[in-house]
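Below you'll find only one chain, the form predicted alone, shown as C-alpha cells.
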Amino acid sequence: MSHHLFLLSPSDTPLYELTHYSSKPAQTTTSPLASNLPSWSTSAFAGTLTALSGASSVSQSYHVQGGGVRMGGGKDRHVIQMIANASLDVIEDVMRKDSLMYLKSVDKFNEWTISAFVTPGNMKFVLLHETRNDDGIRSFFLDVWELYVKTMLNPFHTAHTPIRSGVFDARVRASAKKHL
C-alpha cells in the first residue's frame, strides 16, 4: 500500500513531494458479492481501462492478494499529482466550513482517499492513501508540521520555495514509516 504526500504553499505551489510504500499489512474488506465474481471479471478489461485513463506506464495493472487486479497503484506520478491538485478545491471548501487544522478525509477518488492538514500560515499538507488510519495520519501530519516549522526557522531556507533538505526528507520518511 502506498501513501503520497504533497506540501503546498499558500499559493498552491508544490514545495515537497514524497511517495512512501508501507510494509504494514492492508486491512482488506471484501463484500460477499465480490467473492462470487469470477477472477477474470476485473482483469478482462484492464487494457481497456488503461487506454481510457490515458496512462502511459508499461505495467499499469498488478495482481493483489485475493485474485483481483488493481489499476495504477501509484505508478503514474502525473495521475497522482492530478488527484491531489483536483482535491484542492474541496480542501478549501472544508477550510471555510471548519476551522480545524486536520481535515481528515476530505475527498475520495477511486481507491485513493485524500486527507489534508492546513497550517495557520495556510500551508496545505495533502496525503493520498488507500486505507483508513485517522490516528496515524494525524500523528504523521503533526510530525511533518513540526519538521516544516524547523525547516522554516533555518536562516538559509527561503519561505515558500521547494524543500530540498536531505535531513528533512529523511525525517519525513522515518515519520511515514512510524505512523503509516
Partner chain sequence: MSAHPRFSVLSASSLASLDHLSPAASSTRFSLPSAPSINTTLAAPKPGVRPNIYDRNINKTRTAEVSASAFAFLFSEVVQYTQKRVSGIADFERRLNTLGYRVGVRVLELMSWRNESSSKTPKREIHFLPELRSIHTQVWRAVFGKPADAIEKSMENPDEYMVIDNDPPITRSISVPRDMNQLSCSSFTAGVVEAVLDGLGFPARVTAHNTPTDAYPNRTTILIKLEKSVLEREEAFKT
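Residue numbers count along the first chain shown, from 1. Throughout, rigid core stands for the largest set of C-alpha atoms superposing within 1.5 Å between the two forms. Everything numeric in this text was worked out from a predicted model, so none of it was measured.
Below: the form predicted together with the partner chain, not depicted.
Not displayed here, the partner chain is kept clear of L127 by more than 4.5 Å at the level of heavy atoms in the predicted complex. The partner chain is not drawn, but in the predicted complex it has no heavy atom within 4.5 Å of I137. Interface membership of N133, defined by any non-hydrogen atom within 4.5 Å of the partner chain in the predicted complex, is ruled out. Under a 4.5 angstroms non-hydrogen atom cutoff, the partner chain in the predicted complex has S165 among its neighbouring residues. Residues of 138-152 placing a heavy atom within 4.5 Å of the partner chain in the predicted complex, in sequence order: R138, L142, W145, E146, L147, Y148, V149, K150, T151, M152. In the core-superposed comparison between the shown form and the other one, N122 has its Cα shifted by less than 2 Å. In the core-superposed comparison between the shown form and the other one, S11 has its Cα shifted by less than 2 Å. Comparing the forms between the shown form and the other one, the C-alpha position of H157 differs by 2 angstroms or more, with the core used for superposition.
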